[in-house]
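Have a look below at one chain only, the form predicted on its own, in structure tokens format.
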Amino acid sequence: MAFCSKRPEHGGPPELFYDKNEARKYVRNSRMIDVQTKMAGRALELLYLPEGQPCYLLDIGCGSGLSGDYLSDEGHYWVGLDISPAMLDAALDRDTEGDLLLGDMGQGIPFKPGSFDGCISISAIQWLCNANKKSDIPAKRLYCFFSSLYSVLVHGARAVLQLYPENSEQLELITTQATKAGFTGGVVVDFPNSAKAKKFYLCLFSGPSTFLPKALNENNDEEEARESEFTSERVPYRMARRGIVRKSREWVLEKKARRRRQGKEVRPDTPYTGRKRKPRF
């Protein structure tokens, strides 16, 4: 497993690393915004939620609310938890629609049992594998997190946690503690042969074991590498596909492609796909 040697979690605790300067990047850096939004979209796909039904979701490590924006765009309601005051301030400045909570996921998730229909997390869980003080024991903090997460989810719900494991041992530590907490599931690795596009998604089930969704590979549309751009103006946070007209042919084709990636059975595309039908008398 090859990973980048320069890792944010090696520089200190997250509440210090994600200061005002770092939070500003999540508001002005178009490349960072695009990557975060795409990972949130992929995590939502892997949640396998009922089509057309708004759900109440938990966003762990919500940061400036980029992933929450995507959830709102898809018609869901959400609560975000983050340990960085600066990142939450940035989310408030952006008028995100979700509720925000300052807290340490390693100390547990403070909600009633069965509160959420699902959970996503983008680039946060690996922070629990580092001890920033003597009292921090990664295995115990991970177990506290996963056991409380298992409790706050509706039975049978899923959690999809995108992460950047430092090595295979760290990934094993994370999955072991998730299993001890009662979860089943596995790891979906998108673009496994790509150094830049490779992404890890820990897919957890709070109920009977079910199938793991298919991973994306180089045969699918892979994101193109491009340089970061900074601007003093706010960048639109919605993906380009937000401009697609609902119920149009493009909208239908994208929806069918998303369901195929989720492992669902979908009828083949035809020249008549998405065509408007005449009203019946």
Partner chain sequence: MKLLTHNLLSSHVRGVGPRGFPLRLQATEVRINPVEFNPDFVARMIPKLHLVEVPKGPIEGYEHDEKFLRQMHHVLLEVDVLEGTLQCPESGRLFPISRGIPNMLLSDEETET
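Residue numbers count along the first chain shown, from 1. All values derive from a computational prediction rather than experimental measurement.
Keep in mind the form predicted together with the partner chain is missing from the figure; the text below concerns it.
Engineer: Only one of 131-139, 199-207, 181-189, 167-175 has heavy atoms within 4.5 Å of the partner chain in the model of the complex; I'd like to know which.
Structural biologist: Going through the listed ranges, the match is 131-139.
Engineer: Here the chain is shown alone; which of 60, 27, 216, 55 has a heavy atom within 4.5 Å of the partner chain in the model of the complex?
Structural biologist: Of 60, 27, 216, 55, the residue with a heavy atom within 4.5 Å of the partner chain in the model of the complex is 55.
Engineer: Is there any non-hydrogen atom of residue 195 lying within 4.5 Å of the partner chain in the model of the complex?
Structural biologist: Residue 195: no, not in contact with the partner chain in the model of the complex.
Engineer: I'd like to know whether residue 115 contacts the partner chain in the model of the complex, with contact meaning heavy atoms within 4.5 angstroms.
Structural biologist: Residue 115: yes, in contact with the partner chain in the model of the complex.
Engineer: Can residue 73 be called a contact residue for the partner chain in the model of the complex at 4.5 Å between heavy atoms?
Structural biologist: It does not: once the partner chain is placed as it appears in the model of the complex, residue 73 has no heavy atom within 4.5 Å of it.
Engineer: If you check in the model of the complex, is residue 156 within 4.5 Å of the partner chain, heavy atoms only?
Structural biologist: Outside the cut-off, so no.
Engineer: Are all three of 79, 107 and 111 close to the partner chain in the model of the complex, meaning a heavy atom of each within 4.5 Å?
Structural biologist: Checked in the model of the complex: all three residues contact the partner chain.
Engineer: Counting only heavy atoms, which residues in 86-108 are within 4.5 Å of the partner chain in the model of the complex?
Structural biologist: The stretch touches the partner through 88, 89, 92, 93, 97, 98, 99, 100, 101, 102, 103, 104, 107, 108.
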